[in-house]
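Just the one chain here, laid out as structure tokens, in the form predicted on its own.
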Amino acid sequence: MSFQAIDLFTLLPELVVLITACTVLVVDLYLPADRKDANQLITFAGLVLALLAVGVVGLSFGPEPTLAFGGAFVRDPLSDLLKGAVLVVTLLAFAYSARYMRERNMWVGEFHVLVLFALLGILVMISANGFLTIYLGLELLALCLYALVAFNRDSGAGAEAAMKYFVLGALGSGMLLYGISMIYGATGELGFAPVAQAMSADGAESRILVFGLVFVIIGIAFKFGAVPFHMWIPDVYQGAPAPVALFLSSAPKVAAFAMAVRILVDALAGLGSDWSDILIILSVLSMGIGNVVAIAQSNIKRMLGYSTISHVGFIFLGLLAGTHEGYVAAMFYAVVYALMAAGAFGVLVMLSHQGFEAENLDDLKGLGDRDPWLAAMMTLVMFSMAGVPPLVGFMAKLLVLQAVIDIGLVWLAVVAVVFSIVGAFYYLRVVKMIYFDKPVSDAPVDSTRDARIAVSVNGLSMLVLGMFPAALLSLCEAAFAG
């Protein structure tokens, strides 16, 4: 393997994020306490440059996959779209976070640095072309998230959530690594393409391969938060600071989707019948338990946690179809879900103020009277999550259901529709509280201009992408055109 200068150009978005994180780390040392907003400006600039870098690299290399560093790293249309989605979600997360973190004396450079390094781990996972690379990106992401969940040092719930996340995350990573070792033992390869070639040459009937596949899927299911590996999600969402829960609920789910596609589709396609059967079980359990348990929640962060679990079940529906249409539908759903989760948690961040956390359903009562525009944006997000037309959540669910029906699993589509109807109850309950219940507090919502812009973009995108889904859908189609 020889190093070439063009490899660095292929990694341009990752390099921009890395340089931004290092810049914030150094500049923060010299900033007085009342000038910490400079970190936000540097971060915004770096993320915008990274977005431009994704576009420049994509246009320069075109639709053909481009390998770098001896095949350990790949840039292709799939990575371009997912990186763009993750960068947009991270921009939204920072826009929502400023006032919340400032009021709680957490507006420090370490917050920006940890989120940027977590973002770097996600970008590495998205472009990983081998098991080692994807594991490095995964661990970089996980280590930053453990620290972010416990970022509020005065919060006992945050420390408890971080400890649970750390212990269960280590277990999930260990399972994934064990599965990777089994696959390496059976094929002698760690790159995705060589593993696929070895399986096609030697046959995919090896028990060691199937054994390894099971452990790899456990690792993937944990990172997604699929049942029965979902135990950490509600506790972590509830215990983490709201801006951290916002980031945690959105961007890493895109990374988990990329991980699933790279491993299952690129490397282990020869075991497609085996992993499809496993995903059917995980999908039904996730949709069922996620939607049913969410109804009983009075804490909206926990409700959104169980909502995440149910949406993961829908993403799995597209993946288990094992068809081009299924993969496109799953990718569309993953990107859309990241935007929906960012919007829902973004409203909670905006409603929170010094000495008050907006985390119970009652805190949303009467929001329509207190702040009509914010209420309208939250309503769009809730209706989209429920799958109400013409919002984009409806189109996302329709696509995955169509993919499942096309392979003859009509019963599975019926199960998904039934649980989707169950899930609509708790989403509509939120809308009912916003508009038809009397407010608990008459205090006006005090939010920054950045947060107002972010929630407007977030909410209106639900409507625009739902009415005009062709642009995003064509990008998803291009990602799997090869």
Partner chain sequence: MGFEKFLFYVFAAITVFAAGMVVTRRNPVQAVLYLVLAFVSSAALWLLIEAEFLGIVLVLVYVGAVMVLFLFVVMMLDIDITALQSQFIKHLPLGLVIAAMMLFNLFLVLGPSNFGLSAFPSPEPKPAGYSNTATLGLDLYTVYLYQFEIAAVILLVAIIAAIRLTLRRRPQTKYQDPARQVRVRKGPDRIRVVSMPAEPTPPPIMAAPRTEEEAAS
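Remember, it's a predicted structure, so these values are computed and weren't measured experimentally. Numbering follows the first chain given and starts at 1.
Unshown form predicted together with the partner chain; subsequent notes refer to it.
The stretch among 352 to 360, 380 to 388, 145 to 153, 226 to 234 whose residues place heavy atoms within 4.5 Å of the partner chain in the predicted complex is 145 to 153. For a residue to qualify, one of its non-hydrogen atoms must sit within 4.5 Å of the partner chain in the predicted complex; none of I217, A256 and L304 qualifies. Using a 4.5 angstroms threshold between heavy atoms, L132 counts as touching the partner chain in the predicted complex. For D266, no non-hydrogen atom is located within 4.5 Å of the partner chain in the predicted complex, even though that partner is not displayed. The shortest heavy atom separation between V292 and the partner chain in the predicted complex exceeds 4.5 Å. The closest heavy atom approach of P372 to the partner chain in the predicted complex falls outside 4.5 Å. Contact with the partner chain in the predicted complex, judged by any heavy atom within 4.5 Å, is made by just one of L248, L120, V195, A338: L120. Comment: the partner chain is not present in this chain, but in the predicted complex one of L412, A72, I278, A376 has a heavy atom within 4.5 Å of it, namely A72.
Although the partner chain is not shown here, in the predicted complex the stretch 177 to 197 places heavy atoms of Y178, M182, G185 within 4.5 Å of it, in sequence order.
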